[in-house]
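Take a look at this one chain, the form predicted alone, written out in structure tokens.
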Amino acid sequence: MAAAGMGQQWVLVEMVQAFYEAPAYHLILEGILILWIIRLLFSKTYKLQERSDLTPKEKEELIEEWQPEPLVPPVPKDHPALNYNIVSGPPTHIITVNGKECINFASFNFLGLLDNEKVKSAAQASLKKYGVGTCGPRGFYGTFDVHLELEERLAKFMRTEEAIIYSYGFATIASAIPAYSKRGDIVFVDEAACFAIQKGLQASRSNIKLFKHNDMADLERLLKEQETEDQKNPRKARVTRRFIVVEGLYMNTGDVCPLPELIKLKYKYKVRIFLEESLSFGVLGEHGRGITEHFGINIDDIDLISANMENSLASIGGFCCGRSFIIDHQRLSGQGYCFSASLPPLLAAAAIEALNIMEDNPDIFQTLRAKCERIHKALQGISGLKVVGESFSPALHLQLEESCGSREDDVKLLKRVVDYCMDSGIALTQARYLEKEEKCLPPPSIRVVITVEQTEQELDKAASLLKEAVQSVLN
């Protein structure tokens, strides 16, 4: 006990000695810290606000003065989306817009099948047999034998194991992407991807990485960065799926994707490829099978192909095709498939007949390509405008070489060009976008759509009239 007491006394002596030997700044700092701790312990963490009761009259005055924020932002009455061009009759080769007959350079009726007699007869026969609609999703008495026939025909035409059809073209790729890519997965997507792809990515809640349009070096840079991240956390990497999403022919640019290079990157970095072919299906390739046939690539190298039936097939809806186990998964988790009423049988029958015509007349694709190349060449050299898109793309964009200073002014100027052409019997349209929702908003443009029905004289007339319109408007 005596030894323990002596030890405690010795420690106390050492502490006092250390206190005297410590530098002055050290003691001052410790003193400030001790005072700050004491203040924190005894001070209140918040102050009670004095309560002020309002009289009933004051409450009423405040309520009357309060103005809620508008549910939607104000939209000017002259906004293009609120001022429609009214079409009378079928939007075929000759279209009647606002009571005026024009040559149609606006509708995506690439193969001219919208008013085809065989297609219409098939639709009419189906209408008599099945009625107008289906009134039920595919899983609830909405599957008709004509749906199964169309899926079988599409799979056979595309040379894949299986196909699945949707009743709305936009919902096809927008449903397919979130069916496979989930939260935590990684999607590498071209910055020029169409709005349907963007909505699918948004619904997937995946980690989105944009690469520059058709820039394979930039894509590989992102893939290498992800590979480095995966090496740091191999456990997470094993459960993370990686996808590349591209378009065959880009709706917003008319450019073709460099698919051969994408295939090399797919196998090098072990990613899956989703290919959206709404613009290239029924257009590219010797038999219209799309960009895989165009480049001579084995279709099994693509994990999923999606396209709508609203362009070349002149119907409604869309389809996905690929291996059976991939397609069957969409029947369980594709939202547009599971929850939307199925495709009306008359439209499925029309699509089947359109496929018959495509198979029986393979020369139609060369005819379309020749007309695309003709007008692409004729549109070169228009002072003030530049042509954007491949020479074989049936949808070209005309953009201003120099901006007027603001997007609004550019849109108004291009509208004057479109109106000039409309008054002279050529129906064109401006490319429209939801400007506040687009990830990478494309520049304003006039879209020129080519079909097999347009004659060489009409193509030359449209090109000549565009030059005349631009000279008139810009001057």
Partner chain sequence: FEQAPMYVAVLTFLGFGVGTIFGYLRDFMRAWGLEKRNVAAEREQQKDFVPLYQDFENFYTRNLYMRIRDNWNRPICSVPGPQFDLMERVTDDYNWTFRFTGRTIKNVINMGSYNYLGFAETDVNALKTVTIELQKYGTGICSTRQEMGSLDKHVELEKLVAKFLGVEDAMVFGMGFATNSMNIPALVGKGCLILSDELNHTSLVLGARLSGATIRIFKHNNMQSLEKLLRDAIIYGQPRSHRAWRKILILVEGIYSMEGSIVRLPEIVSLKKKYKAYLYLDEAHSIGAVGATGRGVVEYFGMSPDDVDVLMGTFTKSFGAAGGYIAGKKDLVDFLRTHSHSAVYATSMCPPVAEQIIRAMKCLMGLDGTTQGLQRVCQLGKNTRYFRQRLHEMGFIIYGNDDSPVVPLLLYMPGKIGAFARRMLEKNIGVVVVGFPATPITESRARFCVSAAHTREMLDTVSTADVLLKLTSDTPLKQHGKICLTCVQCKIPAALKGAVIINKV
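Numbering follows the first chain given and starts at 1. Given the structure is predicted, the values throughout are model-derived calculations rather than measurements.
One more form of this protein, predicted in complex with its partner chain, exists but is not displayed; see below.
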Heavy atoms within 4.5 Å of its partner chain in the predicted bound form: which of the stretches 213 to 221, 383 to 391, 398 to 406, 86 to 94 has them?
86 to 94
What I'd like checked is whether H79, A314 and L347 together line its partner chain in the predicted bound form, meaning each has a non-hydrogen atom within 4.5 Å of it.
yes
With the partner left out of view, is G99 within 4.5 angstroms of its partner chain in the predicted bound form by any non-hydrogen atom?
no
Against its partner chain in the predicted bound form, would A237 count as a contact residue? Criterion: heavy atoms within 4.5 Å.
yes
With the partner left out of view, is E60 within 4.5 angstroms of its partner chain in the predicted bound form by any non-hydrogen atom?
yes
Any of the heavy atoms of S278 lying within 4.5 Å of its partner chain in the predicted bound form?
no
Counting non-hydrogen atoms within 4.5 angstroms of its partner chain in the predicted bound form, say which of E310, E151, D255, E293 makes the cut.
E310
Quick one: from N361, T367, Q335, N207, grab the residue that has a heavy atom within 4.5 Å of its partner chain in the predicted bound form.
Q335
Going through 450 to 475, which residues have a heavy atom within 4.5 Å of its partner chain in the predicted bound form? Please give them in sequence order.
none
